[in-house]
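In structure tokens, one chain follows: the form predicted on its own.
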Amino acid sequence: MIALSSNLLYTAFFLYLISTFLFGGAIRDRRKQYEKPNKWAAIAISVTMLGFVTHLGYFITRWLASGHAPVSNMFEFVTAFSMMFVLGFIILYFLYKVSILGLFTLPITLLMISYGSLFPTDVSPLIPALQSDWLAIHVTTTALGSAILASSFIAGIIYLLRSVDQTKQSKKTFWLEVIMYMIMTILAFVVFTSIYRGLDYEVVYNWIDKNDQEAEMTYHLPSLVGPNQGELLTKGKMDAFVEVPAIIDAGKLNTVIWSAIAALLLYGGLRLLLRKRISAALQPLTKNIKLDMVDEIGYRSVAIGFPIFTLGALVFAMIWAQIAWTRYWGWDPKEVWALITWLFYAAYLHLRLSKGWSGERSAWLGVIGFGIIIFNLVFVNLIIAGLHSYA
């Protein structure tokens, strides 16, 4: 069953890759009217839906094989989140028939699946705190709400690429390039980690954890930062330049730093190849898009995703926290960032409805919101020690 589950995920990945090229064809075909469905778009959305069905098949078969909802570790959550992300796109596509959404959504989905696949994929028994039906209720609802909210990022990026003047350098072009660099960071993480995994690189440290207990930590990349009171046990390998407190997962932080460095190299190489800003190179793809429609898609994504996220990340989470830990709220890092995410999108809706923040300002808010979601998913989950930390 596990083998079938993995094959279904690989199939979904392959179908999403095909759909990306098909949506590219949908844009090139009848360029002046590409926001309307054409034969390329019809094939692309059909292949995307087939990919989603196989992705859902992966989710169901892994659930049957493990006996619990497959959202208990980093690999499972990211693949589930990417599945919800595609579902949100499919819904928005049938509402608006905008092909360019697929051209931007599916590459992000491919990156997310690739990213998640670098974490341990084995099925393991749940720890006692997670052995509850609330695991499926809380986490899957949170993933769905977050994924629909994240769709506003796609709409926001398309809006900004279309509206920002790329003929001169400005604060807007600078921040657009920062966004491009952050996307490159995920790609760099996938490539860089895959290379060192293929080389079987491994460094082991003995360290003192936050409970003042000795433990071992394994690195799969050269160590730039070391664990608290770390002692290098692997001979002939580079030792860390600096130690970090026990509350920080040094191994994961080390990976993030290497990803940032690799992203700089990748971004610099692309800039040299393109001889222009990456956002400027992407701008022609959005040439004929209707800004009002993209703005509406971004708003609709938040309007739909916000109540779902509220239920999953706050209401259901507090109910489960009361059952598991006899308290509704405990200021755990994950809980704090879930609240920050909720407050941000509440502010988005307030500014949109009460202050008239539409268009470009709304687009920037959609991009910032996605940054908060990704920070919560990556940095808080992996690096800051807490009750919700997993990998």
Partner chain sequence: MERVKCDCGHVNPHGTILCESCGKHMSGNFSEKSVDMRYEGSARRSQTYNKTPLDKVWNFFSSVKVGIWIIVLILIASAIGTIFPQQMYIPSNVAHEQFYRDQYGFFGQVFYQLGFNNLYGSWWYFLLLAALGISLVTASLDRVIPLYRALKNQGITRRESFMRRQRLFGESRVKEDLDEQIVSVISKLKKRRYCVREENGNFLAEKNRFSRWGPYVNHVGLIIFLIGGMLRFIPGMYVDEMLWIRDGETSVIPGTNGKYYIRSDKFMMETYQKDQENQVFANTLSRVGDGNMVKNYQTNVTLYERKGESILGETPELVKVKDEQIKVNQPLFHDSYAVYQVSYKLNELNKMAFRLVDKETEESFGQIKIDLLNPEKEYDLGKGYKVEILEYFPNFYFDRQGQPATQSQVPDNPAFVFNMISPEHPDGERSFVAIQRTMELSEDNQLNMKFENAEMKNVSALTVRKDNTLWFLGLGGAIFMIGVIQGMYWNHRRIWIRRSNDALLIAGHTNKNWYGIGNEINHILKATGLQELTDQTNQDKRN
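Rigid core here is just the name for the largest C-alpha set that superposes within 1.5 Å across the two forms. Keep in mind that this is a model prediction, so the values were computed, not measured. Residue numbers count along the first chain shown, from 1.
The same protein has a further form, the form predicted together with its partner chain, not shown here; the description that follows concerns it.
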Although the partner isn't part of this model, could you tell me whether residue 337 comes within 4.5 Å of its partner chain in the model of the complex, counting any heavy atom of the residue? yes
Proximity of residue 85 to its partner chain in the model of the complex, heavy atoms at 4.5 Å: no
Closest heavy atom of residue 211 to its partner chain in the model of the complex, within 4.5 Å or not? yes
Does residue 125 make contact with its partner chain in the model of the complex, using a 4.5 Å heavy atom cut-off? yes
Checked 290, 276, 287, 197 for heavy atoms within 4.5 Å of its partner chain in the model of the complex; positive is 290
State the residue from 96, 207, 201, 181 whose non-hydrogen atoms include one within 4.5 Å of its partner chain in the model of the complex. 96
Based on heavy atom distances of 4.5 Å or less, which listed stretch (304 to 312, 214 to 222, 102 to 110, 227 to 235) is in contact with its partner chain in the model of the complex? 304 to 312
Can you tell me which residues in 169 to 190 come within 4.5 angstroms of its partner chain in the model of the complex, by heavy atoms? none
Residue 87: with the rigid core matched between the shown form and the other one, does its Cα shift 2 Å or more? no
Against the rigid core, is the Cα displacement of residue 307 between the shown form and the other one at least 2 Å? no
